[in-house]
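We begin with a single chain expressed as C-alpha cells, specifically the form predicted alone.
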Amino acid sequence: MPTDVENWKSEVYGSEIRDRLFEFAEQGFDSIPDDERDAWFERFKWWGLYHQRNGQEGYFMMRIGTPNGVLEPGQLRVVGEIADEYARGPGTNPIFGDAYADFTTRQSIQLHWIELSDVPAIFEKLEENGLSTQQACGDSWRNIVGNPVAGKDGQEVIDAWPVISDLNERFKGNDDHSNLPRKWKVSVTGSADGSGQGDINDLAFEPAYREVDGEDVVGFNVRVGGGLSRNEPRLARDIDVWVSPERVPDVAGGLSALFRDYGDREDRYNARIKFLVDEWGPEKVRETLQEEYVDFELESAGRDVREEYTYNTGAGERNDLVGVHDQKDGANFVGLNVLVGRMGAADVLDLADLAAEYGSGEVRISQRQNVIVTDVPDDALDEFLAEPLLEHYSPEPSPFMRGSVACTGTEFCSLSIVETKNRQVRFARWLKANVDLPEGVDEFHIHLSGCTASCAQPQIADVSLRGMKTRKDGDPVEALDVGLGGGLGDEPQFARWVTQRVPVDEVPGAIANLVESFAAERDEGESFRAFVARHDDDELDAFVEPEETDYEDPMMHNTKRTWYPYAEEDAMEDAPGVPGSPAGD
C-alpha cells in the first residue's frame, strides 16, 4: 500500500504546487486547512520550503539550490539582501544574531524564519537573478554536488562543470523525474582529489580514463547507492560502467528512471536506492539499466584516479579547499573557513563586495560548509588576504575551526534531538584554546549531527558526534554518541561508534583526552584515522574518557521541548504564535 506521502504526491506535486503555494501566501498561513497541513508541508519541500519545528508555526526554512555550489557574480549579494530583509524572526541567536545564511554540506544555502507571505517576493528576486529553490528538497533530484571549483581547479582531470550544468538544466523541473520514491542525490566530479564525495551519494560520476580508438579518453566511472542516513550508511557501489561526458545525461536519466520505477513507494524507511542496490546487487542494476533505460552499449569501467584522492581522508595536501590554491588560468581561488557554515547577512554582503573587488564576483560553496572566492589575481592576493573580514573567515584557521561541521539542530529542525550549531562553535573555540594536536597533524574533522539523518555527515569525520539524551545527576540532559575514524579517499570507511550518551558538557574533555592518548600512543607520522584503525572499540572507548572541564554548556536541558533554545522564556507556552495571525496563534 502506498504511503501517505505517495498519496499526497499523487494528488498535487511538482510544478503545480507553486500555484497553491502562492495562494496560501496571499491568503495567509491560517488558510491552510489544519487537516491538510502535513500534506502541504510535504509538497512545499519540492519548492525548497521546510516548515520549522514545533513552537515556530508559520515560519519556514528556505533552501536555495546552487548547482555545484556555484554563485555567479552578483548572486551572493542577492542572497545577502534576502537574508537581511526576510530571514528575521522572533528569536535571536546569541552567537549569530538576527539574520544569517547557512551554507550546507550539499553546497546549497538555507535561510530561516521565512514567512509564507514573503515567498512570492523572494522567489521573484531569486529568479530575476538566476537562482531558484525548485527541487532543493522533496522526492526528486536534489542539488548536484562536486568539486566546487570545477572548470578553474589547476588539479582537475576533466572539467565537470558543463556536465553538471547540463544535468541541472535537464532534470530540474523535468516531469518524468520530479516524483521519485525519495530524494535523489547526485555527485559529479572531474578532480583527482575526491572532493565530489561520490561515495556517499545515490549516484556518482568520478573521473576515469578509457582507451578509445587507441587513445586514453577522460570520462567518468559510475557508482550507485551511497548514503549516510538512518543507522545504515552505505558506500556507493561500482556498477562497472564508464561513460563519456556526452553520455552522462543518458546514464543519469536512465538510473533516475530506474529508481523511479523500481524504488520502494510503500515504505519510506526503505525508499532510497541504496536499499535497492542491496537487494539487486550492482550487476542487476547495470543489466536493468542496459536492457530498459539506455539505447546504446554500456562500456565497462575505466581506469580511475581514486588512489590520488585526499579530500576528507585525514592525510595528503588537500583534505579540503581552504587556503590559497592555483587556478588553471594563473589566477587563484581562496577558500575561507565559515565555522559551522553560518554567516551573518552583513558579512554575506561584505563578502560579495570583496569578491567583486578582488576577483570576478563569483563565489563558490564547498561540501565542508565553507566558501571560496575565485579569480583573484596574484597582484591582488595579499591585499585581499589582509581584509578585516578574513580575520573571521580565515584561509588559515585552527584545525578545530577548520574541521567543524554541524547541522541545523533543534534551533529549527523537528528531527534533531539536540542543539548543534552554537554548541559546535563553543566546542571548537574551547578546543582551540585548550588542546594541541600532535606535531604534523593539521587536520582534525569533528562533525556534529543532531540525529541519525546525518545531515552533518558525521560518519566520515575523525570524530563523529550524534545527538542523544541521557541523565546526569538524576536530571535529563542532552548527550552525544561518539564515533571515531571515519573518512573518504581510496579506501573510505565509516566511523565506529565507540562511546554512547556522553553528557554534552563532558564532550570537550573527552576529545581532549582522546587527543592526548593519540599523541602519546601514535606511531611516528601516523594519521588519526590509521591510529583508530589499529585499535579495537574497547581501547578507543577508554581513550575517549568523558570528563568535566571549565567548558560550560548553556543548553544542557532538553532543547527539543523549547520553542527556541536560546529564548529567555523558552517554554512552548511562550512561543510567539503564527506571524500575521490576529490572535498571534
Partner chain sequence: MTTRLRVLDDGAWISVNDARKVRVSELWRLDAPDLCECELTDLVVENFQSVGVDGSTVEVRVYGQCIACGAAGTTGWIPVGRVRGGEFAELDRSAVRRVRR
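Residue numbers count along the first chain shown, from 1. Not measured: the values here are computed from a predicted model.
Same protein, other form: the form predicted together with its partner chain, not shown, and the subject of what follows.
Colleague: With a 4.5 Å heavy atom cut-off, would you call Glu36 a contact of its partner chain in the model of the complex?
Modeller: Residue-level check for Glu36: yes, a contact with its partner chain.
Colleague: Given that its partner chain is not shown alongside this chain, does Pro476 nevertheless sit within 4.5 Å of it in the model of the complex, heavy atom to heavy atom?
Modeller: Yes.
Colleague: With the partner left out here, check for me: in the model of the complex, does some heavy atom of Arg561 sit within 4.5 Å of its partner chain?
Modeller: Answer yes; at least one heavy atom of Arg561 falls within 4.5 Å of its partner chain in the model of the complex.
Colleague: Would Val5 sit within 4.5 Å of its partner chain in the model of the complex, counting heavy atoms only?
Modeller: Judged by the heavy-atom cut-off of 4.5 Å, Val5 is in contact with its partner chain in the model of the complex.
Colleague: Among 527-535, 42-50, 61-69, 541-549, which stretch has residues with heavy atoms no more than 4.5 Å from its partner chain in the model of the complex?
Modeller: The contacting stretch is 42-50.
Colleague: Check each of Arg423, Arg402, Arg182, Arg223 and return the one that places a heavy atom within 4.5 angstroms of its partner chain in the model of the complex.
Modeller: Only one option qualifies, and that one is Arg182.
Colleague: Could you tell me which one of Ile460, Val502, Ile417, Leu351 places a heavy atom within 4.5 Å of its partner chain in the model of the complex?
Modeller: None of the others qualify; the residue that does is Ile417.
Colleague: Is any part of 460-480 within 4.5 angstroms of its partner chain in the model of the complex by a non-hydrogen atom, and which residues would that be?
Modeller: Counting only heavy atoms within 4.5 Å of its partner chain in the model of the complex, the contacting residues of 460-480 are Met468, Lys469, Thr470, Arg471, Pro476.
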